[in-house]
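Presented as structure tokens, the chain that follows is alone, the form predicted on its own.
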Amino acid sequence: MISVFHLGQASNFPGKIALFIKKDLIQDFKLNEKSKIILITGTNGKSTTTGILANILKASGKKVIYNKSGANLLSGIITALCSGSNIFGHLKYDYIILEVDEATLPLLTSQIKPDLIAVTNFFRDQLDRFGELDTTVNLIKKGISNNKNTTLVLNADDVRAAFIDSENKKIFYGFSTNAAKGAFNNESNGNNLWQENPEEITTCPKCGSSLIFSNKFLAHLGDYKCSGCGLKRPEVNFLVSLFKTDSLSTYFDITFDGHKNNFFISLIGVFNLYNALCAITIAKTVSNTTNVQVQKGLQSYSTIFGRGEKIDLKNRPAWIYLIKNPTGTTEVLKTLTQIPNARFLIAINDDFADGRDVSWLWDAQFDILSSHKKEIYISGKRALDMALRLKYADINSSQIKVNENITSTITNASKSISQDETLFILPTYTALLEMQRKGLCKSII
């Protein structure tokens, strides 16, 4: 249908038209007999994990379709599928990989039968939409319950993800306790930052007692056991045993099937290592992908829209990192402040796709920027809220440059950056879309 009207795959809009015409349109798509459907959900990392996985499977010679734009509501998923099908709805692919919004998962799995569902993690996100984490967990649990024969790939380091109540086959990925030993160039600073992150309250899913952590890798993600009943992190099938990072890449060892395997990816940050680990776990689970093919996929991976995306800004390189919740924002700040001569522009909107509630800004650790001596540019509809948050993070008022107009803010920031400095733009989702719509940024990798 969408192919006939040449509506393309730019957004949710084509899918909305299709769903208006036929609400259960997704059931009309016709798959190859051997096609496998993979769904990736959870709070953080869905888009990057989906992109890395697609790249790995394509590197192994497989034909893949996925919602590359990151539009993960039902309308966006329909848009992606229509763009890849012929006028009769045939999808001739080996793998259909779909990033799925947590609230959309139950609706989607009531209409299709995925071969695998991956759950990345659970963090507070868009509280006005999801409420507290129990609501998000229950939505994903409901989505899984529609499919008893679906294999689950779960983050063992997140107790809520690891112990989702279901009888499905489960495969776990996670970090070893010593994975971060020597991981950072500035070891003392890096290791301090490694421990600093807003955490979700975590208790034992079996008895409700407190969890004891032998190590935490990112916020509440870590190696744990229950102080009451003794429940502990499940045995990890795909384990990062060691990783090292520089300003451009991450080098890591994964142990699976009794063997240690070496990989690297041109992404930085613990959050991106979790994304790569999840993608490799899925690829190895659903196919006979070799390590050479995995590395080829990792090496040729280009970041997607706004997730560590390198752009051309007034003929100067800059980077965009989407921010949307406390933990993700803190982890981005931890990573980027390790880079010499970093400069920052933060753009905060509160449209529906961002979440109307911006109180999460107070839980994110913007205090990490307190030692930053250069100007910090602030923009977006909630620029004043962001500026106030930075003042309470002990950042000098004279450093905070506020302008709600994103266009002029980017122009001013680009003029202030010297040749040896790198501008990092941290926008919420609709601020990112506005930048793209106004032609303010063009991807160069």
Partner chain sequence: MNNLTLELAYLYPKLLNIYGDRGNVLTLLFRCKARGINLNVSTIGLGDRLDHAKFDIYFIGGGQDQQQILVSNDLQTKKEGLVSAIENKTIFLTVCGGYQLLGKYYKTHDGTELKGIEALDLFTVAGSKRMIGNVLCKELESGKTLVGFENHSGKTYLAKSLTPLAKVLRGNGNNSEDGFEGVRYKNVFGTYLHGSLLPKNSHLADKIIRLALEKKGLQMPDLKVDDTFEMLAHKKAEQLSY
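Whichever C-alpha set is largest while still superposing within 1.5 Å between the two forms counts as the rigid core. As the structure is a computational prediction, the values presented were derived from the model and not from experiment. Numbering follows the first chain given and starts at 1.
Just so you know, the form predicted together with the partner chain exists too; it's not on screen, but the next bit is about it.
Within 4.5 Å of any heavy atom of the partner chain in the model of the complex lies no heavy atom of Y251. The closest heavy atom approach of K68 to the partner chain in the model of the complex falls outside 4.5 Å. Using a 4.5 angstroms threshold between heavy atoms, S397 counts as touching the partner chain in the model of the complex.
The closest non-hydrogen atom of E375 lies beyond 4.5 Å of the partner chain in the model of the complex. A heavy atom within 4.5 Å of the partner chain in the model of the complex is found for exactly one of V236, L74, A103, V358: V358. Contact with the partner chain in the model of the complex, defined as a heavy atom within 4.5 Å, holds for exactly one of D94, D115, D312, D350, namely D350. Comparing 389 to 397, 56 to 64, 408 to 416, 33 to 41 against the partner chain in the model of the complex, the single stretch with non-hydrogen atoms within 4.5 angstroms of it is 389 to 397.
If you take 362 to 385 and check each residue for a heavy atom within 4.5 Å of the partner chain in the model of the complex, you get W362, D363, K381, R382, L384, D385, in sequence order. With the core held fixed between the shown form and the other one, A353 has its Cα displaced by at least 2 Å.
Relative to the superposed core, I38 undergoes a Cα shift smaller than 2 Å between the shown form and the other one. Core-superposed comparison between the shown form and the other one: the Cα of A59 travels less than 2 Å.
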